[in-house]
Structures are given as C-alpha cells and as structure tokens.
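Have a look below at one chain only, the form predicted alone, in structure tokens format.
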Amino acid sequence: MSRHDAVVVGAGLAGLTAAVRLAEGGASVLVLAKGVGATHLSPCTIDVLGYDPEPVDHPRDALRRLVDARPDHPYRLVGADGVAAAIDWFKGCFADGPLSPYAYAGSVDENMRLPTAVGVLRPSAVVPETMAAGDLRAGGEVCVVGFRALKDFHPVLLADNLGRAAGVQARGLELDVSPEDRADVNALGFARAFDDASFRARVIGQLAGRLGAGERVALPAVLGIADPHAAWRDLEDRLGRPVFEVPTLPPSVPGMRVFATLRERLRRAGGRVILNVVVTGAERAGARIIAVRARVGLRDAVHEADRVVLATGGFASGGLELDSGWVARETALGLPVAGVPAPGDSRFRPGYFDDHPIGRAGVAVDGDQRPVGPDGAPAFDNVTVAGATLAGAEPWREKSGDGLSLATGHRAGGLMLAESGAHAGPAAVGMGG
C-alpha cells in the first residue's frame, strides 16, 4: 500500500496538468492511468473555442459570451481569464522542458486558421511553433509535401481541398524517401528519422529544386521527436522559406512531445506515473475517499490519498460508458452521470456534428469542481473532476477539447493546493470572466 497527498486518475492533458501543478506546489503525486491518454491521438493544438456555432476569431471574447449564455458549461468554472492563465502556464512548461527551445505560439485572444490533413481550415488558438506558419487567414502559396511511405497523409488531396474550400493556391508533392528505405513507416518512424541531419539532407535534396519562389512548405507533423525545434529550423534555413507541420492521423507526434514535456516536469517535481493500470473503485470514509483501488494485470493494489483528481475523459476514452441497458456510468469511482436522456428518449441524431441529446453528458460538479449528485450536494469532499469527464460541453462541435482539459486541469491543481495551504500560484481558484 502506498500513500500520497494526491492520486490523479488519467494521464491525458487534464490529468497531467493537474498532477504537475500539484507536484510543483509541493504535493506528493501519483498518476494512475490505463494508457497515455488522448495526447497521443490529438494534434495537441490548444483549441480554446473554435465554433460558437460559427467560426470564432477572438476566443476570449467568445468565451465570455458562452459562459453568460451557458451557465452549465465547464468554462464557467474557469472563466476567460482563467483559461488565459492556464495557457500561459502551459507555454511556460516548455521553456525549461526536455524539448527546449521547442515552444508553443499564440494566445487566447485570437484564433489562427490551420489546415487539417484533409485541407479544411480549423480555428486554433495556441499551437506548436512548428505549425504556426500554417496560419492561412491571409492566403498565400503552399506546397504540400508528403512521403510515399507515410500512407496516412495525402498531399495532393490536402492541396486540392485547400484550393477549393479556402481559396489558397496550393499543390501537392510526394517524395520517395523514407527511413532505411522502408516501404511503410508511421508518423513516429518519420519523426525519429527527422531528428537525424542526414535524413533531413535527403529530404531537402529531393525538394529544394521543386519549390516556387513564394511557396511555403507544408509537411506532415513528423519534424522530430527528440529535438523538433532543431529539425524545423534546419529545414526553414536550408529551404529559405517558412515550413509548417500539418497534423496527421495517430500516432500524434506533437501529442507525444506534450506528454514527454509534462511527464518530465512531473518527474522532476517528485511525481510518479504508473501506466497500464485500471482503477476499479475507491474506499471511503464518510464524504471522503481515503484510498483508490487499482489493478495491474492480475494484481490488485490500494493507494491511499488525501485528495483525488478524476480526469479519465468521456465516452470516447472509456471514462464514461453506456452499459448494455443504455445506462451511463462513470467507470473509475462510480460517480453519478448527469445529462443522460431518460429511458426511451433519443440519445443520438443521424449526423456526426448534430446536437446529440447525450452530447453534454458527464459528471456534474459544484463551483470547486467536486462531483455532485442529482440533489446538487457533493458526492465526495476531496475529489476534483477535470477534462472531458465534466458535463456540459460539446468539445467535438465547439473545438474546445484541449482548451477545456488544460484549463480545468490547471484549476483543479490550484484548488487542491489552495485547500491544502500550499503554493497555488496565480489564478488558481478564480471563476468568471
């Protein structure tokens, strides 16, 4: 049996953010998770608010309007200024992180327009520096470069759609160069290759004479895993033009960079992460959880904790689930799930981006992000919920997922530090705009 000031359940952006804040504030922290979380699946651009319901140009202003109109939305807990503080904290994590000087660019005040892998422009507020030159609000000329061995990135399709939907002058090229001349390599394999200057030289050798004078170069998001800043800068310098990454299908190299950065900060602060763990329940004393039960393989373990952060995600990640009787449940601690349609009522609509009746389901919380039951009373006094587990948001329609995870995880850590009397830092517990 182990004992910690805080046990964090979940190793996605929300869980790691809360864990790092707690550990750097002096708490002993243990993170338990089934896997590495959504960081390895998402592009890890911090999309604070992309649609409301039309594309958003200025997220901070749109956030204030959203929380006024939707008092049940999780952003209401944090407020626009709290989101901005979380973003500042997140950007600061990279300054002395393992990938420094790799950094994030942007702010909560303005959305860029970055291309997706299929050539649709999407609003994003804070992005890896390696993607920032892909802001196509002002148009321009783009050469989209892919690799024959990277099967999940199609440069001609991307370029064609950019021209059709965004009015960008774009064309696609596919290079026949791959790590060790293999025929099929995923994004991580290419990222490791781009850390090698000799591989970059091969790419540049095939590309340099084929670019127009005014073209920016778009590449899949594979420009290095150990030293992405050096790989990206080398390409820009030797090609003599802006170069930017475009997110690919998983595995997400930018997400791996975020995970590595936050995990290393946690390790430096004395925190610990255990993966391949399934949290099966909790032991309680009155209104408090005193220990978390977990299973590793066939072995059960009990981890005592003064506080618990629940950041296991929503239905997509298994933090919430619908059983065979269409009853929703929270899978780790057995918390009540709010916003679920009544038996017999419709739960889903035909279109992917429709307003699904079950779309806002999740764990309802009070102003301190503590889970509450149907009567509004806290289910546990020492549990704080963060990220996609929270009720009230529609991240897929709003383009708000990573923004919500970062902001509520940041606030969860600050609230717990403030409660314990430790150093919570600025904007730890603020609410409102």
Partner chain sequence: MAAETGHDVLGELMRGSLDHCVKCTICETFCPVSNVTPLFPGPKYVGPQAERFRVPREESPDASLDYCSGCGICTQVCPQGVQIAEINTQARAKLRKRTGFRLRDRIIARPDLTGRLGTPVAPLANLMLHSRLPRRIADRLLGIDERAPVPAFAGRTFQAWARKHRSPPAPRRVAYFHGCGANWYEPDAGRRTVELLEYLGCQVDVPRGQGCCGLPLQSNGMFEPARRYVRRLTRRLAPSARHGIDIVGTSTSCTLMLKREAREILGLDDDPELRMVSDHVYDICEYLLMLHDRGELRTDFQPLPLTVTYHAPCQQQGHGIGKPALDLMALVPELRVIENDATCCGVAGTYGLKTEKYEIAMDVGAGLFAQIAEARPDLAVCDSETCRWHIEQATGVRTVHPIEILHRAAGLSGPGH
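Just so we're clear, the structure is a prediction, and the values are computed from it rather than from any experiment. Numbering follows the first chain given and starts at 1.
What comes next is about the form predicted in complex with its partner chain, which is not displayed.
- For the residues F244, Y75, F259, F147, the 4.5 Å heavy atom test against its partner chain in the model of the complex is passed only by F259.
- Between its partner chain and the residues A208, L275, A201, A95, the one pair within 4.5 Å by heavy atoms in the model of the complex involves L275.
- Mapping the unseen interface onto this chain, L188 counts among the residues with a heavy atom inside 4.5 Å of its partner chain in the model of the complex.
- At the 4.5 Å threshold, heavy atoms of G403 stay clear of its partner chain in the model of the complex, well away from it.
- Mapping the unseen interface onto this chain, A285 falls outside it, with no heavy atom inside 4.5 Å of its partner chain in the model of the complex.
- Contact annotation for G367: none of its heavy atoms lies within 4.5 Å of its partner chain in the model of the complex.
- Highlighted residues G50, G106 and R233: none comes within 4.5 Å of its partner chain in the model of the complex, counting any heavy atom.
- Listed stretches are 170-178, 354-362, 80-88, 275-283; the contact stretch with its partner chain in the model of the complex is 275-283, by a heavy atom cutoff of 4.5 Å.
- Although its partner chain is not shown here, in the model of the complex the stretch 276-299 places heavy atoms of N276, V277, V296, G297, L298, R299 within 4.5 Å of it, in sequence order.
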